[in-house]
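For reference, the chain that follows is the form predicted alone, supplied as structure tokens.
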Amino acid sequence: MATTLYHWKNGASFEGTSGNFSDVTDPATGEVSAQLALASADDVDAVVQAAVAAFPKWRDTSLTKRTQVLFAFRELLNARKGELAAIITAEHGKVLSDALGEVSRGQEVVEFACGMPHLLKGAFTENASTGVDVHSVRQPLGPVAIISPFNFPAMVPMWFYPIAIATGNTVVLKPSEKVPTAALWMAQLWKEAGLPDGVFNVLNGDKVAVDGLLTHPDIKSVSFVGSTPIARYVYETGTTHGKRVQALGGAKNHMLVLPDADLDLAADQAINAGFGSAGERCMAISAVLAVGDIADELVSKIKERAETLRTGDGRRGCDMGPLVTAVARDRVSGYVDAGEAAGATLVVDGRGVKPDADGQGFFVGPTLFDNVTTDMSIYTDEIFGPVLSVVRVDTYEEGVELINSNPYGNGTAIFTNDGGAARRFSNEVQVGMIGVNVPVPVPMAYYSFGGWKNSLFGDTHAHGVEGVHFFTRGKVVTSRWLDPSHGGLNLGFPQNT
């Protein structure tokens, strides 16, 4: 019998009032594993009010005590990350090793947030004017909302909430309704770590929940990761209602391979970046730009590797798992149909894959196209599946022009043994995150994550120093105090003036 999942409010499960539920599915088997309560407008307000009530006390809690809770959460997560990885695999479908990697990358932000006492230090200027001192502080915003996607149920929320909590805010997390259990598990872990009730809350739901958070007068900021059309909607709606918004959108990430590159390395990394997590990553490489006469050899090497991958249930030691839903599977298969019809060369076809899995899971195997042109939908659209397209270009300049003319600017990579070419690429390419012989250039937590162009709406990237600034606002205090020597007794040592 399927489990019923509810919201999390004030440190406990909260059933809500809507009476509406949706299915949570195991994508490897196609079986319904849980029923998820979807929030009503009243539920949104109830959860937000829990965050409102908890804010004053948490804001005034010392940095020392806040950091102690962060450290406790870090230790608990480190000891039990296998549990969280298993939850991710069961609901998203990615293989266990990939799920463990997701948790570890999220853990980096928790560890970064443990250094918040240093990160929140202000500045002080003595005697800015005669007898006048100036100092600056950064203070929390209040209750903040995080709306996270299905493809990283743990890591993406962890890009935001450790910093939000460490800086003194309270949080309402709205996870994807496809993968809700990780958020509820993390809420319970925060409670075990000693976080006061109401500081971290989970609101499950669909568009009603999203719109409720975007328009609620007590929510001060919104952090979002998802497709570009929804990111634009979140940004415009949230800012219209007076909120600070960081909305990270979609991507079409290119990998430029120069003739001097190590083609075995490039082929390995094209496989890793194109087919890891079944291509359901905003940092996935979906377009390989092969420069000059290396294309035939590079395609052959990628094909050879793609055909060795084992697709199936992520709990069985397979290389690649299913897509998250049947709708996603059919959408990706439709793009493969379209690419073939448009005249691209279908080198490896994943539509008929025989997965190592029971039941009716949502599988598309690794798929490789060659001779892709820039007018084909498999090039122009973010497919979000295991489809890798090879585009043949004559020169480095042609490749850079393709990348820079793309409406997205999330991540890109160059593969070369020429340091000068790599440096030039890093300078010229109009993309927010760049890899040199690194296919998925996701920054460490103490740097910030985010793209350019239609891959980001708002001015602030995730985590790092930009994340600290996003969840705080600055205040400058100018003060003058009377010199105590103006009168009265003074037994102090005589001083020159």
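Note that this is a predicted model, so its numbers are computed, not measured. A residue's number is simply how far along the shown sequence it sits, counting from 1.
From this point on, the text means the form predicted together with a small molecule, which you will not see here.
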For this session: Would you point out which of 94-102, 230-238, 356-364, 292-300 contains residues with a non-hydrogen atom within 4.5 Å of the small molecule in the predicted bound form?
Result: 230-238
Seminar exercise, completed: Answer key: of 159, 369, 190, 275, within 4.5 Å of the small molecule in the predicted bound form (heavy atoms) is 159
For this session: May I ask you to choose, among 168, 226, 339, 385, the residue with a heavy atom within 4.5 Å of the small molecule in the predicted bound form?
Result: 226
Exercise. Is there a heavy atom of residue 148 no more than 4.5 Å from a heavy atom of the small molecule in the predicted bound form?
Worked result: yes
For this session: Answer with yes or no whether residue 250 is in contact with the small molecule in the predicted bound form, where contact means some heavy atom within 4.5 Å.
Result: yes
Problem set entry | residue 207: touches the small molecule in the predicted bound form, heavy atom cutoff 4.5 angstroms | yes
For this session: Indicate whether residue 269 is a 4.5 Å heavy atom neighbour of the small molecule in the predicted bound form.
Result: no
